[in-house]
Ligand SMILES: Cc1ncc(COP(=O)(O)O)c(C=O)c1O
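For reference, the chain that follows is the form predicted alone, supplied as structure tokens.
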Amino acid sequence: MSLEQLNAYCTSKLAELKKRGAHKGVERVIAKITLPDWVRNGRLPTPAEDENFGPRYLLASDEKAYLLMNSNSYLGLALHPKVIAAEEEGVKHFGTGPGAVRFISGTYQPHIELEKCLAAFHGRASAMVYSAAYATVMGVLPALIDEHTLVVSDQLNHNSIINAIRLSHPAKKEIYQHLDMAELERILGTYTSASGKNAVGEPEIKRVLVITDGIFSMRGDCAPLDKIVAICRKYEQSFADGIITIADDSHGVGAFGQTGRGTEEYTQSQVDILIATLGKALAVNGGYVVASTPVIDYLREVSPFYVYSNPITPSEALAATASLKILGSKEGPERLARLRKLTARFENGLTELGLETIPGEHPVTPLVMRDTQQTALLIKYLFQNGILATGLNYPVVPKGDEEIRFQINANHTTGDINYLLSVLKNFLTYSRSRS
């Protein structure tokens, strides 16, 4: 009987979401993918093939083929035959799942090999894989935050960081304006000069955690990690446990920097603790953290999202390792160069059409609309023309910041980009005729 009251509560909350424009609605279900031969064979297209279309996605709701412009699989490795073969081989040898958490009987050799590869890839002593990147953030931050910790966070950090800080109950929390290094330094300077004591006479703040996204997922811009690290080093001696720099570079790793090592490589710097995902450019599933050996050993003992959750499957670990090997081979820089080329082509096309974007090398390319109604209208128009994209409206983003987030990947073609730009051009003509 109690469920009747809960049903009424949920129904009212859903109605509120719809009224606010925050309701996501029915999920679109992909039923089939059609691949050109060059994708199926794991190579990049010839110039002639590049003028044609890349993969197309068929939805369960209709029989149309769609251009997918909202996928995080930046390198296109989810469809790579070597990655697919590695996962298939893993299932044959280890079955479909680990069957337990890591400290019981859920640790398989592929997990250990993947963690070694990730540590080496990022130039760290140790690595640790979680079931998801969100779980990684939620598992790492609370383990490092206590009643003597100040947390300093970028205004536009990911939801996982926001919720992890809420879960942690730090002594103090400060938010600096997006990418505002002067404000970050002001905050640290303020706490350095503070002389407050707690109830037992100890300094209120012993440790500071400065946390940022590497690539900000809605905008495609990157944190100046070199400047953040330099500022933190300037003030770290003022706190008993120092200042720990942490970056979640889930959108950067594999898609940013000359060799795909993300925002650290792009800014020529290294934070103390790096969090990232296996589920975007590396095309599989799961998240991970890399740091010093004592930090990782400590997290294995106390992080509940690791201790009490099954890991990714052994076959997924093998597939992720295969993705890392491709990224580290001659093919990796070729895919990254192609990604940058296609991104630049699309950004230049938007500018030529008189549309607003946030320029940068990262393949997240926002089309800034600054109007909720126009954003919704364009998303509908794109869908009618066989293009899947993500619209971000108020209250998901502040009023005036409405946008459509396009995401380029290495399996797109010049023909795909040209088609998308032609649809956007036609929309401009269409919308002007309506006004």
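Here the structure is a predicted model, which means the values were calculated and not measured. Residue numbers run from 1 along the displayed sequence.
The next section is about a form of this same protein that is not shown, the form predicted in complex with the ligand.
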- [ ] Using heavy atoms only and a 4.5 Å cut-off, determine which of V210, L336, C222, A133 is in contact with the ligand in the predicted bound form.
- [x] A133
Open item on the list: Just to confirm, with a 4.5 Å cut-off on non-hydrogen atoms, which of H80, H111, K280, H362 contacts the ligand in the predicted bound form?
Closed with: K280
Open item on the list: At 4.5 Å between heavy atoms, only one of the stretches 119 to 127, 90 to 98, 213 to 221, 313 to 321 reaches the ligand in the predicted bound form; which one is it?
Closed with: 213 to 221
Open item on the list: Just checking whether G286 would be counted as a contact of the ligand in the predicted bound form - the rule being heavy atoms within 4.5 angstroms.
Closed with: yes
- [ ] Indicate whether the ligand has at least one heavy atom within 4.5 Å of a heavy atom of S73 in the predicted bound form.
- [x] no
TODO: Look up in the predicted bound form whether R261 has a non-hydrogen atom within 4.5 angstroms of the ligand, and give yes or no.
DONE: no
Task: Heavy atom of R102 within 4.5 Å of the ligand in the predicted bound form - done: no
Open item on the list: Where, within 231 to 252, is there a heavy atom within 4.5 Å of the ligand in the predicted bound form? Residue list please.
Closed with: D248, S250, H251
